[in-house]
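What follows is a single chain, given as structure tokens, in the form predicted alone.
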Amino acid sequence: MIKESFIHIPMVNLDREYLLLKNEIEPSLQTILESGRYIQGPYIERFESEWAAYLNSNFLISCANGTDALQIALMALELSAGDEIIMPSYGYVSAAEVAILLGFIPVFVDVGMDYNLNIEFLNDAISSRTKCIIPIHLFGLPANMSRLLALADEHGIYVVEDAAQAAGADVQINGTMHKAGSVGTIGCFSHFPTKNLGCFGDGGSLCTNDEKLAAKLKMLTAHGQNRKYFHDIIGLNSRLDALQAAILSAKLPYLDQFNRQRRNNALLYAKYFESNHNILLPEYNENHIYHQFTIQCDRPYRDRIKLALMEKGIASMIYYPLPMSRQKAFQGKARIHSDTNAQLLCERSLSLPMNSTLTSEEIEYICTVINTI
């Protein structure tokens, strides 16, 4: 049992992860530092090639962060001002933020109690102005991509996957398994340090199987140029640096192993909570990679849990306290189709520590604190 006087359990233990892979990461960093080549170069090419192979995607383009990935994806599709982009009412704000910045109209559609876009509402939300759907694979559980892609194909709509929290998760399409992020028109990833495949700073990437689209995505990350100082389109300066690419290449071979450990940790949480009927657990799913382990309970109980954990040195987070559809910044700039479940989830959800280095003793202690309330 853990000695309470030494308790500190963060949401993600980045120190432990670094120490675990230190001997594989540091030689590459030293080589880059000695070379002086920090932008572009062989480490970028290596990571893009390895990540593309893992995703079984024809083309992979790295960029500066996950939000840039979403913006670049929408810029590449040549949409027009006023076009509508369907996205979940519940999730992080990046998708809505970039859509509005580019002159598009987010259409917020409710989620199911699994936090993913409610496919049943999609058809009703589609209008003549709908040009794109952005499913957000929240907390590591992919949306129902088989049904979503069929609906998008029926209406001739682009699908841009926000797979920022789903690196390594699987989706099944027509009986075949694919990696989340690899089945839409474009897939977008964040490599922020706390992500399942995270670097030591900001980082992002995009994948597609469309050659022309890939060429445009590449240009958009580099000021719209295909040749140096020849700018054919308006782009961004959005590049992954070589140091971060080397870190990601060192971590990639361990991604499946670390995701399996997250699933094992989810099962252990479920075991300790099996007699606690005040808590609704995330449904166990082999395709889930548990970027977060998020429980649901009534608001007063949730707030008591959060306070009790904090007093014991245990981190927890409310992802998210307000739906995207109700954020002040988006009022008057978006259309709300539905958000009943989104509002309810904001009242009921609490994410507990979850990472591949979390120990069974730590999980037992976290659950003991909660079950004691």
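Keep in mind it's a predicted model, so treat the numbers as computed, not measured. Start at 1 with the first residue shown and count on from there.
Although it is not shown, the form predicted in complex with a small molecule is what the next lines describe.
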Find out whether any non-hydrogen atom of residue 67 is located within 4.5 angstroms of the small molecule in the predicted bound form, and reply yes or no.
yes
Can any non-hydrogen atom of residue 89 be found within 4.5 angstroms of the small molecule in the predicted bound form?
no
Residue-level contact is defined here as any heavy atom of the residue lying within 4.5 Å of the small molecule in the predicted bound form; does residue 164 satisfy this criterion?
yes
Using heavy atoms and a 4.5 Å limit, would one call residue 288 a contact residue for the small molecule in the predicted bound form?
no
Selected contact from 182, 221, 94, 116, since only one has a non-hydrogen atom within 4.5 angstroms of the small molecule in the predicted bound form
94
Select from the listed residues 272, 258, 192, 121 the one whose heavy atoms reach within 4.5 Å of the small molecule in the predicted bound form.
192
In the predicted bound form, which of 80-88, 192-200, 297-305, 208-216 comes within 4.5 Å of the small molecule (heavy atoms)?
192-200
